[in-house]
Each structure stands twice: as C-alpha cells, then as structure tokens.
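Quick setup: one chain, the form predicted alone, written in structure tokens, and binding and motion questions come after.
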Amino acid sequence: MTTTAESTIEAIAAGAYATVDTLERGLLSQNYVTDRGLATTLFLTLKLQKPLLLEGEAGVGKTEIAKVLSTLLDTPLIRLQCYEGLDAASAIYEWDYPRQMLYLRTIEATGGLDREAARHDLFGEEFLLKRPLLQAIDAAHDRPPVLLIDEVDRADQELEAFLLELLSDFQVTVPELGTIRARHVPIVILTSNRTREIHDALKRRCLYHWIDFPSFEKELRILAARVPEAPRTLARQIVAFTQGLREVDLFKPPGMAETLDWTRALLALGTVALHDEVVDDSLGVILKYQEDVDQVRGAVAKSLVGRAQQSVS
C-alpha cells in the first residue's frame, strides 16, 4: 500500500465527504436513499481504506452502492462479476494468444528480431489482457477506482483464497513481467446474496454490512427518488403491495429493484391506481418464478390489492 494511495483515499474521505452526514447527503444527491448504519459503514470504508462486504437478498441495492459511490467520487468503476467456475486467470489477466501468434508469424515472414528478442516482446504489456482485478490494481487513474466484486458467493473457493491475498497486499505477480503493485489502492466493495457462506478469513479483511428489505417508509422514499413521476397514491399502493408480497412464502420475494421495475411498468400501462386486473397481468415484472406467479395470482393478489387500497384511504 503506497503513500500516494493512502493520501489519495484520505483526501477523498477528508474532502467533500468528511463526515457521515455529508456522505449520506451525497448519496441522496445521486438518488440513493440509505440509512445511518450503511452511511457510517461506507464512510469508514473510505476513511480506514478497508474492503466492504455487503450481504443481503438479491435486489436490495448492494451493487448499486458501488455504482453510486463511483459517480459520487468521480472515479472509475471496475466490476468483476463472479460465477461458478470463474478462475483466477480469468479474473486477473490472460495473454492475447491470437495476437501473439500473428506477431510470431510476422517475425518469421520478415526475418525480423532474433528468437530471444521476439520472446521478450511476445510477453510484453501490449499482449497482456488485463482482467478486472489487474485493471483495478494497475489502473492508470489519478484517483483510486471502485472495484466491485459482485456476487462473490458464486465464485469457487480457490478464487476466494486468491482474493484473500489480493486484499491484503494489493499486488499481482505476472511471472513474465514481475510484480505489479497498486498505484492507488482501490475502494473495494464485495457483494454476496449468501447462497453460501464466505470464509471467515475473507470476512476478517472487510468491514461488513447486511442490507435488509426496506421498511415501508424507506421503500416509499426510494421509489419517490428513483421514479419521481409516479403519483403519490400509486406509489403508496405499490409499496404496500410489495411489502405484503414479502410476507408470502415465495421462492424469491421481490427486492427494491423489482419494485422500481414494476412501478415503471405500471406507469407505461397508464395505471393510476392498483386494481386486480392490472396486477394479475403484470406479476411477471415483480415475480421471477412461475411458481410464485401462480401462487399469488388470483386470491392472494386480490387480498394484497385490497390492503394496498386501504393504505391510502
């Protein structure tokens, strides 16, 4: 961790967002409604230069935090989307074999460089494909980038073990080039939907925050901030309906992302107030499994619509 990197992040934390209050207001200026606990954790992430692990159900705004933070701090966002089978090489770097082969054939055809010189050039940086983790460490930026390691719980444990080392030293060794150290230590956000437990050693490297489904009032505030064109009455009915859906035994309860999508869909349909027909017809926007749609459509939806209508009476 270099002095330059430390001073850069400290300058960010001590600048326009020198307090939790100013950071919270900054997030709100980007239409991200947060609570005090999350704002405090984000502030400490910047101030202490520690990675942040965010856990919670899908669709509650974990990934969005990294995007908003990148915009707020005017710094690049570099995203590693994790999935089963993702190996360290794909996440760090690969060599551009087609270009290397073309280079070799050109050398052979023209009788250019000798073998040793060709080998040296062959493994130069111009043939190195930097994947997200190396991009974040070797970023040629004046400010530390935001590194989003999304859905880390979907990655294999081998990659998790590598991340443990990376988050300790912020350096990567490329055998042909040597060790590449971070010019600016990135602001690291890891997200997890908790499909499996993250290893304790990795958790110890991070600050931690659990993002739950929002309360009625918070969800209403988020909806007003992100879809301001939604009429107040319709917005309250939508929130009341989605809050009720989360009390039903569903395979996948709707998150905030689904609430926003459904609101936009209802507006596109010209809806001014919830009613049974429009809800049944648009359940596929807010529910993502047919079993859940079948369970809700009809009597359950009718009951929740009635409850939603009462919320504004």
Ligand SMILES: Nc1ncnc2c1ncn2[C@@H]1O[C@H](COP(=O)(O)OP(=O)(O)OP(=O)(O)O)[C@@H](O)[C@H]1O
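Remember, predicted model here, so these are calculated numbers, not experimental data. One rule holds for the numbers: they count along the sequence shown, beginning at 1.
The next section is about a form of this same protein that is not shown, the form predicted in complex with the named molecule.
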Partner-facing stretch of 127-135, 214-222, 84-92, 172-180, counted where any non-hydrogen atom is within 4.5 angstroms of the named molecule in the predicted bound form: 214-222
Within a 4.5 Å heavy atom cut-off, is L260 in contact with the named molecule in the predicted bound form? yes
State yes or no: in the predicted bound form, is some non-hydrogen atom of A58 no more than 4.5 angstroms from a non-hydrogen atom of the named molecule? yes
Looking in the predicted bound form, any heavy atom of E151 within 4.5 Å of the named molecule? yes
According to a 4.5 angstroms non-hydrogen atom cut-off, is N31 in contact with the named molecule in the predicted bound form? yes
Contacting member of S70, T45, T63, T271, with respect to the named molecule in the predicted bound form [4.5 Å, heavy atom]: T63
Just one of R226, R99, R143, R205 has a heavy atom within 4.5 Å of the named molecule in the predicted bound form. Which one? R226
